[in-house]
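Okay, so here's just one chain, in structure tokens, the form predicted on its own.
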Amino acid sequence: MFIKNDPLCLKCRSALKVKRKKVQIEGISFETFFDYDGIFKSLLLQFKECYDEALAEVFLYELSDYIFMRYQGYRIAFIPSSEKKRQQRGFDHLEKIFKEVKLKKVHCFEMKEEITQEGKNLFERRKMITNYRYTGKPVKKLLIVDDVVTTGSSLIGAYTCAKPYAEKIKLLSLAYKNSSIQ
């Protein structure tokens, strides 16, 4: 295994601290790596909204091997963005971020209705719980991945619709926003 050069400068990397923890929302637990604030938030916005694809390597630097070892045998399924957002970006941001993780990726979720969560209140975000459909084949182990969890609606929705099709499900989020809207 070779050590890769960090795409961030030392000052930025020291500001982007991994704070790996388990979080529970509505009885469903997930693992997360960062708090959604400061440098993480600005890097993710630069990556997603300014289409700065070079930043994809920043988020899982030195975490890819951990994810591979921790979730060995799992297939990664990404919470989908709206089709409009994917077309604007020209890429799937989660696929880009998790590209180096040596686990099989599956595309097994789709939105029933094209909803973006950006700028939505709690009530509007809660609609995501029933907005996913599982379209994949049954699997033994599924790792459902999202970029940021605020209310948990997307993870809960994906988990709920995948439950009949997977023997074991784990949830993972890059960042968690401990928010008063929960």
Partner chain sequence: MKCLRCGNSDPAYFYKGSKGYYCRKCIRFSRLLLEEELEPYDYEISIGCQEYHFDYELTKDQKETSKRCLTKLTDGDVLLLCVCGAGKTEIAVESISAYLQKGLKVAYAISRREVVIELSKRFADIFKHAKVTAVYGGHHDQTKGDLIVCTCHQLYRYYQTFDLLIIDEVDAFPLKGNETLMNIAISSCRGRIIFSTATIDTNLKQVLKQRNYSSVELYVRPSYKPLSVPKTVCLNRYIALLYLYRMMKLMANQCIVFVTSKKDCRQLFRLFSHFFSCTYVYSDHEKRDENIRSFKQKEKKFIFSTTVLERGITIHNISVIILNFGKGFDQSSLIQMLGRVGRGVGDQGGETYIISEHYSSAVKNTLAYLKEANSHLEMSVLR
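Not measured: the values here are computed from a predicted model. Positions refer to the first chain, counted from 1.
Omitted from view is the form predicted together with the partner chain, to which the following refers.
A single residue from the set Leu55, Met128, Ile67, Val139 has any heavy atom within 4.5 angstroms of the partner chain in the predicted bound form; that residue is Leu55.
Of the candidate stretches 23-31, 139-147, 152-160, 46-54, only 46-54 has residues whose heavy atoms lie within 4.5 Å of the partner chain in the predicted bound form. Contact check for Ser42: a heavy atom falls within 4.5 Å of the partner chain in the predicted bound form. Using a 4.5 angstroms limit between non-hydrogen atoms, Gly73 is distant from the partner chain in the predicted bound form. Not displayed here, the partner chain is approached by Arg89 to within 4.5 Å at the level of heavy atoms in the predicted bound form. Among heavy atoms of Lys96, some come within 4.5 Å of the partner chain in the predicted bound form.
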